[in-house]
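Below you'll find only one chain, the form predicted on its own, shown as structure tokens.
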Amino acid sequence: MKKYFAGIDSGSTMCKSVLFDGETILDINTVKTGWNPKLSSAESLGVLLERNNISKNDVYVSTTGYGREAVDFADYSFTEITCHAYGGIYLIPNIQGIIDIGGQDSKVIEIKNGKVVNFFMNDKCAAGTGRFLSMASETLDIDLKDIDAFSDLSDPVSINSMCTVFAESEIIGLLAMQSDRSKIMAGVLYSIAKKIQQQSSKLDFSEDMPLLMTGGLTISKALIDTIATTIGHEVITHKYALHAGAIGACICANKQLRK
């Protein structure tokens, strides 16, 4: 019998992979998804196997995410909602929900007694997603890693357009009027938070348990804090939050095998 699990979360922007022994995370890896999800998934998995001197024959491979159907060498495939829920619970057991903001979608998942009971997902446009923030950063000429230090959260400029295309035009117009870039960026963060509020308000969250934020935008503490303030709930993250989906894919495969 195989000894290890490899979870691959093939996202629209980044491909995240995890090596798991059934209880412990042994290693993680991240590469850009690029134009071919299968190739990036194979690359990310190959790095993990080589780095840990493990043969592919000893690994159950499971996949989730945007490009999961393209990864034809996987033993299992699971939905993003299920994987992010199980991965989030593994990282922090006492959560009541997940906020995941990916490159092209955002989702809020309600969890009760360790199970998904409801969720809302925005996958029809890039509003409030990583692409939305990336567009704003490029337009404002700010590196993503510098957003927290740069943003003036005390006085954000209102961004009225949620559509990425219209929001870009609005930001360009604000720059033309000499608006402060740090205040515009703060407005972008509040705009993303408002989108999450629209989703979370439809779910049943209590005040006594936190929500876990996953996805690439967890690099911004300012965004996490802005979301928490806007939705009125504690929002936390974890050092492995980016890999929650891949971790969940491992856990789902393990559960499938035990059945």
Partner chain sequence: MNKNEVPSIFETFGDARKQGFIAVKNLKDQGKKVVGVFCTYSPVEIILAAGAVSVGICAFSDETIAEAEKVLPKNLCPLIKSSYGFAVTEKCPYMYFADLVVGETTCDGKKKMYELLSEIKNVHVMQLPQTQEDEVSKDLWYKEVLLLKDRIEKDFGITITDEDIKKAIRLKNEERKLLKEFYELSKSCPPPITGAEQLKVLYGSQFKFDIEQKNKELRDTIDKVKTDYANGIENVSNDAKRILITGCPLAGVTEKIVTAIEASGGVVVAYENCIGVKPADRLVDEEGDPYKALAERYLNIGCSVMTPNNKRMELITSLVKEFNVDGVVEMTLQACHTYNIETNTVRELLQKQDIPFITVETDYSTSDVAQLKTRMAAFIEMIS
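Residue numbers count along the first chain shown, from 1. Keep in mind that this is a model prediction, so the values were computed, not measured.
Not pictured, yet referred to below: the form predicted together with the partner chain.
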| item | value |
| --- | --- |
| The unique member of 161, 179, 134, 118 whose heavy atoms fall within 4.5 Å of the partner chain in the predicted complex | 118 |
| The single option of 43, 69, 27, 234 touching the partner chain in the predicted complex, heavy atom within 4.5 Å | 69 |
| Option from 145-153, 168-176, 72-80, 185-193 whose residues, in the predicted complex, bring a heavy atom within 4.5 Å of the partner chain | 72-80 |
| The partner chain contact in the predicted complex: residue 122, any heavy atom under 4.5 Å | yes |
| The partner chain contact at residue 202 in the predicted complex, heavy atom, 4.5 Å | yes |
